[in-house]
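Heads up, the chain below is alone and in the form predicted alone; it's given as structure tokens.
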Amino acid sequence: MRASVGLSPVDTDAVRGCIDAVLPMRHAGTRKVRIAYELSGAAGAPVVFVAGGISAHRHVAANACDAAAGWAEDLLGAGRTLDPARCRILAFDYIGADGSLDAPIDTADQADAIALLLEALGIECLEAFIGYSYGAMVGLQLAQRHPTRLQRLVAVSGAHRAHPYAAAWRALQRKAVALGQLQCADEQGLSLARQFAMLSYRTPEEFAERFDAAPTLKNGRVCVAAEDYLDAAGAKFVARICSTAWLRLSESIDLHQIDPAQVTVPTTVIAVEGDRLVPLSDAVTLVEGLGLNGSLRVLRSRYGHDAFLKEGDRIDALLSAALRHNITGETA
């Protein structure tokens, strides 16, 4: 692997750039890739890498580079564990997220790309890697493949493998996209896949609270209360990701596999009770495999797999406990 940096690291509060790299990929051969990143926070502070689900990107929260809200705005800020006054936040766009790479992408490829990025930016070791969902899988790969690059891992709603039930959900979503493509209706297929996904991200309990209303008749067709919500979620999604990118990253989740016994980095696993994509049983198996290097925290939330996006205060409290020494210098 080798990389050339397109923008030298600087000591400003925020910097956004790209590096060009040659990446040997697990299933797709050696490819030239461009790795887009964003680094923000106090100059000289400990660096924490933050990675989210497959639709997440390098803009985690508003900063000097971009004042728009990021995908994890509620998890960063003054007084939070991830306070930009106390740490630097590094994030990147997943390999393949721009749709330019139509080939199988492994979570190992994402981890190797992160290692190339750290090398190019002159960052020897991260204070911590915090991964949510797909990001947790990538973090586990980074810890297994490049253990000297991070001091601690926090894996939220992600495990050592894709659960068969969740893989079946994603397979059906990909078939919806394929059907849309056959009918020259790419956006409609992707929108429908996203709507299916929303049902797996959330819980029946939440839907019972929000959409417990009688169906209505519109133009002779029965419409249930959740349909407008799902339609809006689909429309919002297709506006920011293309079918190729989504398909390849969806596949990447199902390709994911690590051996927990090979992870020697101290790891906190945060699981959500009722998560339909990453069951608590998988989190337990992961922690058992990690042995003395692993610890488990369980969160109860009606938001299921999406709890990390909806339960900002509770996730922050768990991050504080996991990273107390790394970020604040306090002892547990």
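Here the structure is a predicted model, which is why all the values come from computation and not from measurement. All residue numbers are counted from 1 along the displayed sequence.
If you look for the form predicted in complex with another copy of the chain, you will not find it shown, but the lines that follow are about it.
| said: Considering non-hydrogen atoms and a 4.5 Å limit, which listed residue (A185, A239, A78, A261) is close to another copy of the chain in the predicted complex? | reply: Looking at A185, A239, A78, A261 one by one, just A185 meets the 4.5 Å heavy-atom criterion.
| task | Decide if the three candidate residues D102, P204 and P215 all line another copy of the chain in the predicted complex, where lining means a heavy atom within 4.5 Å. | result | Yes: each residue has a heavy atom within 4.5 Å of the partner.
| in the predicted complex, which of the stretches 107-115, 128-136, 246-254, 90-98 has residues with heavy atoms within 4.5 Å of another copy of the chain? | It is 246-254 that comes within 4.5 Å of the partner.
| query | Quick one: does R34 come within 4.5 Å of another copy of the chain in the predicted complex, counting heavy atoms only? | reply | Outside the cut-off, so no.
| Does E227 make contact with another copy of the chain in the predicted complex, using a 4.5 Å heavy atom cut-off? | Because a heavy atom of E227 falls inside 4.5 Å of another copy of the chain in the predicted complex, the answer is yes.
| said: W169 versus another copy of the chain, in the predicted complex: is there a non-hydrogen atom within 4.5 Å? | reply: Although another copy of the chain is absent here, W169 would touch it in the predicted complex, with heavy atoms inside 4.5 Å.
| query | Taking heavy atoms only, is F196 within 4.5 angstroms of another copy of the chain in the predicted complex? | reply | Yes, F196 sits close enough to another copy of the chain in the predicted complex that at least one of its heavy atoms falls within 4.5 Å.
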